[in-house]
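Encoded as structure tokens, the following chain is the form predicted alone, with no partner shown.
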């Protein structure tokens, strides 16, 4: 019997697949879904359901070469106020299309670098949100932070805005790695940001760290994660760097020869995970960690963990409205994505139209497979009996898909007992690969993705 090495297994299972922050995934969106469809879906939202709001701030004052987000580098603040004016107009347009003031359970400012926003602009944005939505005492308001944006004056602005959760980008503290990705940021700078946010009443902090970056190895990752742990964040998101230079030209500045291979990436992720778990953090899904008392850990324990465009979440809302350039919205009927070019976005909103550029309407089969994939990504399992309660007779086709998946599983990643399909613990690191076995859309249309580990 031939013994297969870990390197061979990793090589076979690291083929590029989606990250599954949605299903169907973004490459399947098309321009056949536009403003008309979006307005129709918004008008059908139930008045007694809460929803979430994502606001994209695409601007940065430097271009991080590793970044895969829709961003725009600016050297002065002037472009931001007119863009925020369009954002406020879009919020009002959404409120009018919905027909009532919805209850907001979550508000997230993402980017780009929303930490660039000045106090006056934050105040005007919060006023617009208050005028068009209903917030309550438990509404979570979060923001993504680049410590290099902060002078110290912003913390009181965050308190006034009502920020309850902040996500701090770290990536890596090693100077050579930082130079290779154009992201200089000292540990002391980051620690000062943590102290300032906590002093401003921000109740929960998340730190984003990366593995798989140029010049990283197990030793450098270990040092950085040990430093992260000393900051006592409530959560840590440990993402694998997604090298997609065909989509993101800034990544062409990354020295590819310095990137670790798939096996080294797996080992970096493993050593970081061990350090975090030794420090009392619980693993959440494939790349998040949280302290036991954190709401994300509680949601995972209670089986309420979800997945959306920000990664793992305890947000129960079926509807997430995306505002700003490139933002993706999720509704019960389907997905929509806004214009990605800032100029087109501003002009469209100024004309009184919702700035939708593409999307996709969900079929019954899409909803079935979205349920399967989210369960695998969040719980590493799904059951036919649960699927049948939600999707009826359509569930019967999944038996054939399960058998096809098991036939394509030479490394015993998964099991099936007649009702429950699960991923074995040794296969958890390859959950994206297993999820792709149930991605019927991927079989219909080829697209390029980042590696699976």
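Quantities reported herein were computed from a predicted structural model and do not represent experimental measurements. Positions refer to the first chain, counted from 1.
Omitted from view is the form predicted together with a small molecule, to which the following refers.
Visitor: Tell me, which of 337, 348, 190, 251 has a heavy atom within 4.5 angstroms of the small molecule in the model of the complex?
Guide: Of the candidates 337, 348, 190, 251, 251 is the one lying within 4.5 Å of the small molecule in the model of the complex.
Visitor: Could you spot which one of 144, 287, 121, 154 gets a heavy atom to within 4.5 Å of the small molecule in the model of the complex?
Guide: Contact with the small molecule in the model of the complex is made by 144 alone.
Visitor: Heavy atoms within 4.5 Å of the small molecule in the model of the complex: which stretch in 164-172, 197-205, 279-287, 226-234 meets that?
Guide: Heavy-atom contact with the partner occurs in 164-172.
Visitor: Does the small molecule come within 4.5 Å of any heavy atom of residue 111 in the model of the complex?
Guide: Taking the distances in the model of the complex, the answer for residue 111 is yes, it comes within 4.5 Å of the small molecule.
Visitor: Any of the heavy atoms of residue 98 lying within 4.5 Å of the small molecule in the model of the complex?
Guide: No.
Visitor: Going by a heavy atom distance of 4.5 Å, is residue 45 a contact of the small molecule in the model of the complex?
Guide: Output for residue 45 is no: heavy atoms all beyond 4.5 Å of the small molecule.
Visitor: Does at least one non-hydrogen atom of residue 240 fall within 4.5 angstroms of the small molecule in the model of the complex?
Guide: Flag for residue 240 set to yes.
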